[in-house]
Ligand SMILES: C[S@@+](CC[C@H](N)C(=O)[O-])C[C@H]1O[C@@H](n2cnc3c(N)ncnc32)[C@H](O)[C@@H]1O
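Only one chain is given next, in structure tokens, and it is the form predicted on its own.
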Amino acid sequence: MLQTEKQYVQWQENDVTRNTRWLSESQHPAPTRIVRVDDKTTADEAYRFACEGTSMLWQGDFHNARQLLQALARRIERTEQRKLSKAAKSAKSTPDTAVIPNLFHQQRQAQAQRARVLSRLLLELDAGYISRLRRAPEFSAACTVAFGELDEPCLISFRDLQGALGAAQWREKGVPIASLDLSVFPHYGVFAPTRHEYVQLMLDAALPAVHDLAFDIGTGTGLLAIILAQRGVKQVIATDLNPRALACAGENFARLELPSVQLQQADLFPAEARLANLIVCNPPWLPAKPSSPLEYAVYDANSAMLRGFLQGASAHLAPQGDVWLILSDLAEHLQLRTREELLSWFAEAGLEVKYRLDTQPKHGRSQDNTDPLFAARSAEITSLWCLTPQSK
């Protein structure tokens, strides 16, 4: 969806002042310095411009712009890999307990800097997201779905445009969930469940004896609600604050013909007078500040959502009901949160552990021993914590 307040960017071109709509779904500020670049611009020149904070308005072949962006990414990666490798060597030789979290934050800063640099390659589009560049594909439909209608020319980063095109492919092809023999179809701005080892945990966990009503808190694509419906829960209320997530989950429920699942826009718990027999949540796993809208599915500053969910669960849970919390322990291995803190939050919320199911990660980064944080990632365990009200 387009920004609620329109932004415009102004720059000089051939002694003429240009003023054009600025679109940035990544929430990057409007550029203050812009130069024209084209097929003759080398990757080294472009990299220098980008590192200096100068944005580049592409005037050449569309496919060459994509190649230039890839060349910029390689240069950034080489530079940051050297920095992180140096920091990782220091971590191995230093017993300081702050080294690992510092290394994590350095990696996060490197990712944010990479995003800023790559966002400085810009395209100018006419109303309706029409490009005048040579060999430009038709992407107005993908952009309209991602960003909304556009009735005036705009400047947009090539990277944001790629995000819209990639999201359109996800939405068309879907993400297969092998253990369920189905696919879910993410929308732009909704986190795609490409890591779904926790699905088997949801299938293995024992449902409460009575399971006529369940809440899925922060539903995203709706995957957890789908599992509950397929396991026989009579009514599922799925909540999310993000309108894009609600639209995405609604389409997935309709595609699978799940009339038992209802959607509500809510900050955590639904406005439902009844108490649920089961409340499930897969919150962001890492207590760090998100740097873009999509990162809200991964990073939870100060564990705000996790703690809010735990504090509110008991008030919405039936006396014999269960809470299923899907959570990775990567934050513990990164020394961003301790197991003792997590258990104390359970106790403060009036909950106790009934049982826990664990699974090991299968994603590529957990197997990449060149990652400076490999030791933490390879030790990660994803758990389904089954919580129940504390015994009186």
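Just count from 1 along the sequence shown to find any residue number. On a predicted model such as this, the values are computed, not experimentally measured, just so you know.
What follows is about the form predicted together with the named molecule, which we do not show.
A single residue from the set I156, M305, A318, A110 has any heavy atom within 4.5 angstroms of the named molecule in the predicted complex; that residue is M305. In terms of contact with the named molecule in the predicted complex, the residue from Y188, F104, Y198, F139 that brings a heavy atom within 4.5 Å is Y198.
With respect to the named molecule in the predicted complex, the three residues G174, A229 and N252 uniformly fall beyond 4.5 angstroms at the level of their nearest heavy atom.
Exactly one of the stretches 111 to 119, 282 to 290, 69 to 77, 160 to 168 approaches the named molecule in the predicted complex with heavy atoms within 4.5 Å, and it is 282 to 290. In the predicted complex, the named molecule lies farther than 4.5 Å from every heavy atom of N277.
Put simply, L224 is close to the named molecule in the predicted complex: some heavy atom of it is within 4.5 Å.
Proximity of D322 to the named molecule in the predicted complex falls outside the 4.5 Å heavy atom cutoff. Within 4.5 Å of some heavy atom of the named molecule in the predicted complex lies at least one heavy atom of D267.
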